[in-house]
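Taking the form predicted alone, here's one chain by itself in structure tokens.
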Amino acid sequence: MPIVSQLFNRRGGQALTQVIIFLVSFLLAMVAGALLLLAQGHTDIVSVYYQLLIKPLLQSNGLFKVLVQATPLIFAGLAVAVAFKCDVFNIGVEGQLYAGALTAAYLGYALQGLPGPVHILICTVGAAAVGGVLALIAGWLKVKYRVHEVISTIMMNHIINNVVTLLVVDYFRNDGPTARTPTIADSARLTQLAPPTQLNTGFLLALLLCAALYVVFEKTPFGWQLNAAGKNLCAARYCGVNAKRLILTAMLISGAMAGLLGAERVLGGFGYLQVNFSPGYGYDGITVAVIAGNHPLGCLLMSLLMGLLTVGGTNLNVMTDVPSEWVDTLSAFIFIFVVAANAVLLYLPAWKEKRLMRERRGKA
């Protein structure tokens, strides 16, 4: 036990512990998923997992399809992780990404004649700024009026989504039966890395953000403050941390990440904003961040896994009679096991201390 405690108390040990937790949780989830399949009458478990985890990587453009599915999840996971790192719950990533997407789409088709790099920069910065400001509103309500950010961000999700739908349908709608904006200019399009897939330079930006956040979290005073606030915000105040400013900063960065997600989908994926285009990226980001332990590199790996499960789930629909909902259940199993393991590690020292106190009382 002392070795385990020392391992967990160090930063590197914490990362290693999270990796072990994830691997064990993934194996347990596979076992639980297999039992569920057997209960439903599916006996060829090996074939199911082959179609889910191996076949996507062997298909033509299979790896690129996985990266396409993982790209928005990386942005969403990082957006949630930055806020969670500060013990602030930004549940509004879904609305913030829609606002960022509309901003990028409008700037993408309204501005004409700009050089490509300049046009892309304007669209991405505008999307990040709008997403950041909307998240900042929820942070300001928290520090100024003590409005819980979970309530405010969830409510803002509905408000933003409805406002974006209204603007697209009534003001920025393209001619045609589909409720979408006009196609953006070619100068605003992100470079496609592997046509005909939608993999674009937004994936490289996501990798860059993962590396940048890793450096910020692990090597800077701001990262130390976020880590301290996440463990105990009240104690961080006594250490000289300006908790209000830290919360506002974390929410601003989180919202900016969500806005970049919307920009990537518009500039690199579709080329326009279509109403209700997101399958729930903002909420999937919560799963990514929690399982990754709010670690940027963990968010990257978990996003890749979820992208693989998404592509593999399509294979299951085509090659087997296993419903795609089973893949969602498998992801839920991973989430449950990771949360349960982290809860045990969190409360284990307290349980151990209580047990020692009872033993001392018994001896007395």
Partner chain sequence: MISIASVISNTLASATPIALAGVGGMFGERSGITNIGLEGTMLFSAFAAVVGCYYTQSPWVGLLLGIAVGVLVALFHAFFCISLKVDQTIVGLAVNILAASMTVYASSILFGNKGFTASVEKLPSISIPGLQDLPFFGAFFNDMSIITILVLPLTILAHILLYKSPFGLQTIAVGQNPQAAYVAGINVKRTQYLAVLLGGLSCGLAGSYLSISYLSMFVRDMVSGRGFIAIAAILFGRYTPFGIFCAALFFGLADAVQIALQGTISIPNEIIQCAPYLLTILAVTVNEARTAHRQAAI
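Residue numbers count along the first chain shown, from 1. Take the two forms, find the largest set of C-alpha atoms that superpose within 1.5 Å, and that set is the rigid core. All values reported here derive from a predicted model rather than from experimental measurement.
Omitted here: the form predicted in complex with the partner chain. The next part is about that form.
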Counting any heavy atom within 4.5 Å as contact, can you tell me which stretch out of 266-274, 249-257, 149-157, 197-205 lines the partner chain in the predicted complex? 149-157
Can you work out whether the partner chain is within 4.5 angstroms of a heavy atom in all three of L141, T287 and A343 in the predicted complex? yes
So in the predicted complex, does any heavy atom of W224 sit within 4.5 Å of the partner chain? no
Contact test in the predicted complex: Y238 vs the partner chain, heavy atoms, 4.5 Å: no
Is F64 one of the residues lying within 4.5 Å of the partner chain in the predicted complex, judged by heavy atom distances? no
Can you tell me whether F333 touches the partner chain? I mean in the predicted complex, with a 4.5 angstroms heavy atom cut-off. yes
Partner-free chain; cross-checking the partner chain in the predicted complex, the single residue of V339, V31, I54, I45 with a heavy atom within 4.5 Å is V339
Determine the residues of 33-60 with a heavy atom within 4.5 Å of the partner chain in the predicted complex and present them in sequence order; the list may be empty. L36, L37, Q40
Cα displacement of N317 between this form and the one not shown reaching 2 Å, rigid core superposed: yes
Please say whether, between this form and the one not shown, the C-alpha of Q40 moves by 2 Å or more once the core is aligned. yes
